[in-house]
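Below you'll find only one chain, the form predicted on its own, shown as structure tokens.
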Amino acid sequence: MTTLGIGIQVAAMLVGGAYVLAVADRLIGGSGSNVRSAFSYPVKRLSFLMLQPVTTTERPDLAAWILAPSLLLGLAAVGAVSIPIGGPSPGGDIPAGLVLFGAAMLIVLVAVFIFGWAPNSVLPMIGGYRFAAMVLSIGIPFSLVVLTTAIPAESLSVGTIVESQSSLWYLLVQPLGLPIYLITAAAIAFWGPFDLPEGTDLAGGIVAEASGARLAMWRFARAALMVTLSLMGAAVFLGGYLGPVLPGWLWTVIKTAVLLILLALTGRTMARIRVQRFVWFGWVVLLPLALVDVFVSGWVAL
């Protein structure tokens, strides 16, 4: 597959997935909206933000403030590039794609911290520091459960990992993997109960001073990040494009949409937790469970 073809695939998945996430979040959240208004909500919201004036603060770092949403969106795109969407593709499969994805997701910390630091305001900066504490707490469990899928496949290529699930999904071989992955993925995307950098106790945290096109870009970039995380979860735990009757790309879309809707559901049904409790949960609960997942995967492989 050509570079242009890969770029079109990734762009279509990110934009389409972000739209599905926004619609699902609106429908699950209710707010008196019907199906028609839920499907039009993403377009109306985006239009409203784009027409809203962009506010600023005293002596901000404007270059960093503009760069951060672009960096977040770029990291989402880089992570998605390593994931084959429609089937085996020698031109679109990266030999160490799993490593590229993991590195891109952990660098999200940089984009979020810059977005909180750039306004030169107290509450956004505190939100940035909160996210740093979160990522340091769940970065190891997140990396472990992702890399554990490479053990039975004996490869860091996402395409090879998908093909190795032709007889059995890794969701069944590694039952701890997907739940831990979804929890840590939601935290990396600071979504739902883990939306601590944008906490209401900080008056919005990292987005407290953001508005207009800058806020619209940031919201879209976070939604694109959620799509990339769901896309990888579908690939390494649910067999990606593998499935009967339907074309491969459609199976990828269906599985990714299921994970997106599941994440949207948790975001609307679970209360936000305190950052201290989250840090404890990451080190004391998620890390030991991720190590158990590694041992189980190694035992199965042997």
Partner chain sequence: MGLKARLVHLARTGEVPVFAVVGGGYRSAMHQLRHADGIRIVTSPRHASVLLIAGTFTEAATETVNRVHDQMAGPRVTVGWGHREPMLAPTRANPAGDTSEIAAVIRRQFHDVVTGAIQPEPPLLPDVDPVEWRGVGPYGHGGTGMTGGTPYGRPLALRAPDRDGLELDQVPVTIGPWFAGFPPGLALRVSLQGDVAQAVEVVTTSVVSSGPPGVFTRALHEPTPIRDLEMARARHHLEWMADTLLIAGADRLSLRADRLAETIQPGDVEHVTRLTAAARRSLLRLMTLRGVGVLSADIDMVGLGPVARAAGFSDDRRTPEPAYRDIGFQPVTHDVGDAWARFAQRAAEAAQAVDLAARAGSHRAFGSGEVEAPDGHHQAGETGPADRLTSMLDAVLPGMEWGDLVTTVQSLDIDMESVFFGRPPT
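Numbering follows the first chain given and starts at 1. The structure presented is a predicted model; accordingly, all values stated were derived computationally and were not measured.
Beyond what is shown, the protein has a form predicted in complex with its partner chain; the following relates to that form.
At least one heavy atom of A203 is located within 4.5 Å of its partner chain in the predicted bound form. Of the heavy atoms in P53, some are within 4.5 Å of its partner chain in the predicted bound form.
Taking the partner from elsewhere, R36 is found to have every heavy atom lying beyond 4.5 Å of its partner chain in the predicted bound form.
With a 4.5 Å cutoff on heavy atoms, L168 does not count as touching its partner chain in the predicted bound form; it lies far away.
Annotated contacts: V23, L176 and S230 are all free of its partner chain in the predicted bound form [non-hydrogen atom within 4.5 angstroms].
Looking at 114-138, the residues that come within 4.5 Å of its partner chain in the predicted bound form, counting any heavy atom, are V122, L123, I126, R130.
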